[in-house]
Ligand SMILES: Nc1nc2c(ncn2[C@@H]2O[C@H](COP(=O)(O)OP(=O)(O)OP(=O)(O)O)[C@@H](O)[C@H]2O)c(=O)[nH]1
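Take a look at this single chain in structure tokens; it is the form predicted on its own.
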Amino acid sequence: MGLGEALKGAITRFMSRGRHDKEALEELIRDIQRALLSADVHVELVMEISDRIRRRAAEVTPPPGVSRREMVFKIVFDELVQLLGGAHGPYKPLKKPTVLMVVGIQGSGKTTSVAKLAHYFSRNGYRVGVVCADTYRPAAYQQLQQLLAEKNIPVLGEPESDDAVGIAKKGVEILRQQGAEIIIVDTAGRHKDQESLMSELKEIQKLIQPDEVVLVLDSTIGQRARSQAEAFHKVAGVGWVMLTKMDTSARAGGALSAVAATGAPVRFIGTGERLEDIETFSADRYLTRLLGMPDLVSLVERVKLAEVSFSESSAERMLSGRFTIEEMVRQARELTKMGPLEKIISSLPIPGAKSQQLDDLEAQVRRWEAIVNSMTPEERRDPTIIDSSRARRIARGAGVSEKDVKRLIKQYSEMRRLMKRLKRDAGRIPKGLLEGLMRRGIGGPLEG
């Protein structure tokens, strides 16, 4: 039985029970544990998600119109999404040109994945070029040329040379001059214990200075993906991951959860042998398809809407400044839907205090959500611990600049101070203060 079928069975049994007490919850958790362990998810991660489901189910009060059964399902869905890597928007290159250095273990499908990525970006309107710096597998250059010959995507390389560093440097320079917007550098497949190849990898990275390092992993290795991802991250600083063979692997859940635990987001998955068999990855969409339960998945959205209405009663928490960065971004998201924050704002006796920049806010909030999703739980609780090193890691994972991360943290601090001031000055709020809050905190587009 696959992960999807096992999870679907566990959820169906829980939802069909007459009572949804502590005993029913524990049975659901045990079923989820068995499903995840069978999919090669690491036992430590399984225990962590079990504890979170148990704790959240005990603490939550369902909003009006939502049963406890429905609330528990929503909690389970949320936690599974986080376990598998969180929700992400479509990948967008950091700048033009963007240089991607692709690394991976030999036999992981790395070179084919390079061709798939090149084809994907080309179909989405980018001018793409590929550099083959894999000098250990002579057929790599010919393979790339064959795969991309009819796609009008240039492939540069020197199959007779063994100077991988020189090939990479020269190829990137040529493609820059030719106006390529995305340059993908294919490196030799290597194992984390091959010291000489790892040294070569560092040398290539030093010379071409890629904007992002992409790690290709075979999903059939399951939870062992974590050690491989950590090893490559230590050497080259992995920005994001592409998982291959997702259409055939029974260990896909293990691989996804293992990679997610390293903090490197999975941005793409390979789902077949053709160039077109590549998909952008977001855990919520993946889990929805895996469960094959459209009625119950739509229930998640209904509970979310109920939580929105319920959150209006927690305005005191926002106005007192006692909110997390996640809550700030969540309220900003609700503002784009004309949710409770907008109602709170419009109800205040301040002339002109209306949301006038929802279009700009929509794009901004998507970037904020990507940043917060790339933070660790500790960083979300206390953003003040985020130094330059952490900011760089978060920026790579979110597909934004380090400056964007620092600006969000600054806006969060300003938001808290301004909300506290609103609380203190209740009944005599200065005209324009809330407008400034909207402009600086949640209403204006990110700069840069």
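Values in this document were obtained by computation on a predicted structure and should not be read as measured data. Numbering starts at 1 and runs along the sequence shown.
From this point on, the text means the form predicted in complex with the ligand, which you will not see here.
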{"query": "Exercise: Glu273 in contact with the ligand in the predicted bound form, heavy atom 4.5 Å", "finding": "yes"}
{"query": "Ser122 within 4.5 Å of the ligand in the predicted bound form, heavy atoms", "finding": "no"}
{"query": "The ligand contact at Ile204 in the predicted bound form, heavy atom, 4.5 Å", "finding": "no"}
{"query": "Non-hydrogen atom contact Thr324 with the ligand in the predicted bound form at 4.5 angstroms", "finding": "no"}
{"query": "Three-residue site Gly109, Lys245 and Thr248 fully in contact with the ligand in the predicted bound form at 4.5 Å by heavy atom", "finding": "yes"}
{"query": "Segment assignment from 222-230, 86-94, 101-109, 67-75: heavy atom within 4.5 Å of the ligand in the predicted bound form", "finding": "101-109"}
{"query": "Answer option from Lys170, Arg137, Arg366, Arg127, heavy atom within 4.5 Å of the ligand in the predicted bound form", "finding": "Arg137"}
{"query": "Selected contact from Pro265, Gly189, Gly157, Pro210, since only one has a non-hydrogen atom within 4.5 angstroms of the ligand in the predicted bound form", "finding": "Gly189"}
